[in-house]
Structure formats: structure tokens, C-alpha cells
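First comes one chain, alone, set out as C-alpha cells in the form predicted on its own.
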């Protein structure tokens, strides 16, 4: 297995000097307000605004070196929580700190410690993966020679090689583009990596490649991983601990084994994480996903 060395130039803060949990979230709430929208207003609609609590008084800590899962369907606040940690949004109440650095007051320092892979990454579609990633490397301040070598190593590790590295992104499947997004995030050698549905759209083989790479990032590169997913098997396979999220609140947080013990009984001696979710929320995660798709 190829071991990919992180670029020393990317760490402007020395990890050894950082103390405390990798991520500490205390009493965080984020509320959005929705109305009739521009089209509705142009038609004279005066529908009252609707208050949407995306994250509701959430508190938890993640220790350095953990793969921490946030499990729940789309629309339950997972992505909002990731945006709050990545400084794209500010909490309405509560605090978020990354290795002791507050995401609001120490935003610039936090950005140097983290990177994020979204469920729908953006690229210059006419450019190749190499061109997109070299552009990202320049933004991160990564040495060009190191970046070019490392880009090839990461993409090959993720199953992208040969002509695909130099072909336009628009010719690649959504799953392959997601792999390029993971490679882009790793280029800055983050010590906190935020993955928002990283295997969405991937075939089973590609999903396993990405999951193996996530473990490698944690085990060989001293990174902490926050993984948002609605895939029960992925959460159980990868995560040291899992938080189950329902309507913006954490309803349970523990290891997969301990969560399953919550619902274990004589009638259900071998429960699954799906059974846990069903009992804690009153519905299956598939029902939640279908409900969200109909909105």
C-alpha cells in the first residue's frame, strides 16, 4: 500500500501544540427562516415565515484520532452541523471549537486545521482532475512539485488512474468526481476532515476504496474524521462512535455495539443500527429519506 506523506508546508499550526478535544460543541443551535420565496412574493403571496430549527441545542466532543459518525437522513441537520464546524455558518447560540480554537473568533486558524468534502462538490468541469487539484493546491499554499506527485498517488489510491487523471471532469461519473473531491480535501493535510456523505453515488467497489482511504487518513496521518452519512453499514464499519440525529437533536451517542444494546431484547437478540434508529425515532431511515424527497 502506498503511504502518502502529508506536506509539512500545509501545517501552519504545529499539531503537537494543539490541546483538548479535536472538536467540542456546546449548546449549539441554528435556526433558519423560510418564506414564500421570490416567485411567491412576485405573485403577491404573503405567507408567513416558517421557523426551521436545523440544529437544536447540540453538545458533544470528539477526541483526536476518532472517526465520529453523525447518522441520519438528509434534512435532519447533519449538513448544517458540518457547515457550522467548517465556519461556513455561525451558530445562533452555543460554541464550537476545533483543538481549542473557536470557529467564530478564531476562524482563520480553524480553517487551516480543517477541510471538508460536501455531498455535491464543485469543480471546473471542463478541466481535468489534475488541473482542478493543482488549482486547489495553489489555494492551500502547497508546494507544486509535492502537489503534482501527491495528486497522482491519491487518485491512484482511490482507483483513478491513467487517462482519467487528465480527462475533463464533465466526462466522469458523479462517484468518480466524489473521489476527486476527497483527494482535494486531503491535499491540505487537514487534522480534522469533515466528510458529508462522501460515498453517495459510488458503486460498492468504489465505496470500499473510499472507506479504506478514510481509515488510512486516520491511521497513518493523525487525522480526526467527522463522517455524516445515512448509510447504516458505513457508519458501523468506519466509526468509533456514532451520534444518531433526529430533527436537529442528538437522540443517542455511543459505539455501534452500545447503541444496539439499547434495543436488544429476547424478541430482538441481534438488533441492527436500523432497529436502533427505528426505536429511537419511531420510523426507519428509509422512510425519513422518502419523506425528505417528497418535500
Partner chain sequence: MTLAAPIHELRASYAFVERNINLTKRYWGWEVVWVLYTIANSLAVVLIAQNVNAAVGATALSDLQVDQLVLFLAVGAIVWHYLAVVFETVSDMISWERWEGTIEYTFMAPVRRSTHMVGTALFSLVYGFIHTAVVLVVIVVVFDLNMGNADYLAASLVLLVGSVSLIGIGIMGATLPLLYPERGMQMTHVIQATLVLISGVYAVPKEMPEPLATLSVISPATYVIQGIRDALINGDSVADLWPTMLGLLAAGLVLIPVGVQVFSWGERHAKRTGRLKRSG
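Residue numbers count along the first chain shown, from 1. Since this is a predicted model, take the numbers as computed values, not measurements.
Separately, the form predicted in complex with the partner chain exists; it is not shown, and the next lines address it.
**Q** Would you mind picking out the stretch of 152-160, 121-129, 210-218, 93-101 that comes within 4.5 angstroms of the partner chain in the predicted bound form, counting non-hydrogen atoms?
**A** Going through the listed ranges, the match is 121-129.
**Q** Within 4.5 Å, heavy atoms only, which of 230, 241, 260, 30 is in contact with the partner chain in the predicted bound form?
**A** It is 30 that has a heavy atom within 4.5 Å of the partner.
**Q** May I ask you to state whether residue 199 is within 4.5 Å of the partner chain in the predicted bound form, using heavy atom distances?
**A** Residue 199: no, not in contact with the partner chain in the predicted bound form.
**Q** With a 4.5 Å heavy atom cut-off, would you call residue 136 a contact of the partner chain in the predicted bound form?
**A** Yes, contact at 4.5 Å.
**Q** Does residue 107 make contact with the partner chain in the predicted bound form, using a 4.5 Å heavy atom cut-off?
**A** Answer yes; at least one heavy atom of residue 107 falls within 4.5 Å of the partner chain in the predicted bound form.
**Q** Could you confirm whether residue 87 comes within 4.5 Å of the partner chain in the predicted bound form, counting heavy atoms only?
**A** Output for residue 87 is yes: heavy atoms within 4.5 Å of the partner chain.
**Q** Sequence order please: the residues of 152-176 with a heavy atom within 4.5 Å of the partner chain in the predicted bound form.
**A** Contacts from 152-176: 166, 168.
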